[in-house]
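This document opens with one chain alone, in structure tokens, the form predicted alone.
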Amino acid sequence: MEACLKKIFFITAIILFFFAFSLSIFRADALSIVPTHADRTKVKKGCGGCHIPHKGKGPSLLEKEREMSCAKCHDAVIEKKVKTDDIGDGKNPKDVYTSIRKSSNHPVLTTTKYHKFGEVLPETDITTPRHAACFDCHNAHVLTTDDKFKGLEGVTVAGSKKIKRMKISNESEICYKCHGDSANLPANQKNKRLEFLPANASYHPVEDVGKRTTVPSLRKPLTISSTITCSDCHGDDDQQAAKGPHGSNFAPILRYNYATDDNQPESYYRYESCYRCHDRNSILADESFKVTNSSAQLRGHNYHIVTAKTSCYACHNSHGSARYKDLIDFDKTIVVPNQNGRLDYVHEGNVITCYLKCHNKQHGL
């Protein structure tokens, strides 16, 4: 009898937990538009499409283990054909896991196990294992087709947290949770929140319009007043795949190729990530970087990229530069101080001077 009462108490506690949890998420503002997974025309079984009260294998009584809980509908490899009794509108959901399996990815399949319900991001403990989980970027209970980030807590470019259920005004607020102030940020990665600060000397216009008043190479419809998002550059190289930075054959999860190695011939494909927004003909015509050396020889983009075979990455930080204009942030494996010990970039008015050593050539002596 006592064992039976304990079982009833346990089941009741679970039901009350889910009821309280549901109240915390499904507020009136969240239900102004029916959440995708609560829409019975899309998920016939409703909550039962993911949760199995008595036989769940994963946390929160999920039908499958955590890293595979979303795979039931979003993995075309495991689920060759989504069960028609689960999906209401007869259309297969976007296949996300094929993207995740690509060479450059958010490691959901291997690190989701480190995700904890109620965890605080960015991480404050350097020993905390880094992880990527679907739940870090999506709240499955309240997201909608038009708002994939609904119900999440984000981090603004200023570093302040935004409470749950507030509309994420900028996609980057999700990215900064793991790629900003995390105490366990890998040594080879920089704080992206700091790189995009509008107070920086230069930055790609994610948080604000850019600081340059002229950018001759911009391809229409882009203008100096345009802003972009992280996923304009980061995402699947298959343009028909699910939107978002799930995985790509181009590192680091880039939609288009961007080669960072030195001493390689220039081509559209090699720097396609750049040329999608910056016209290649304009770049190679030195319209945005026309400088000469002491012998009056042109030493602009064309010389650096085509003749010297220097990657854009050798000089530019694609996100931003706290110190220099023009996204200048030298790759120290290629660019080093000159013989006077100076490594610097000075852009004043129309005059640009570099103080450095690159490809065994001294600059700014």
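The numbering used is simple: start at 1 and walk along the sequence shown. These figures come from a predicted structure and were not determined experimentally.
The discussion below concerns the form predicted together with a small molecule, not included here.
- Using a 4.5 angstroms threshold between heavy atoms, residue 278 counts as touching the small molecule in the predicted bound form.
- At a distance threshold of 4.5 angstroms between non-hydrogen atoms, residue 342 is out of contact with the small molecule in the predicted bound form.
- Proximity of residue 114 to the small molecule in the predicted bound form falls outside the 4.5 Å heavy atom cutoff.
- The small molecule is not shown here, but in the predicted bound form it comes within 4.5 Å of a heavy atom of residue 326.
- By the 4.5 Å heavy atom rule, the three marked residues 60, 121 and 226 all count as contacting the small molecule in the predicted bound form.
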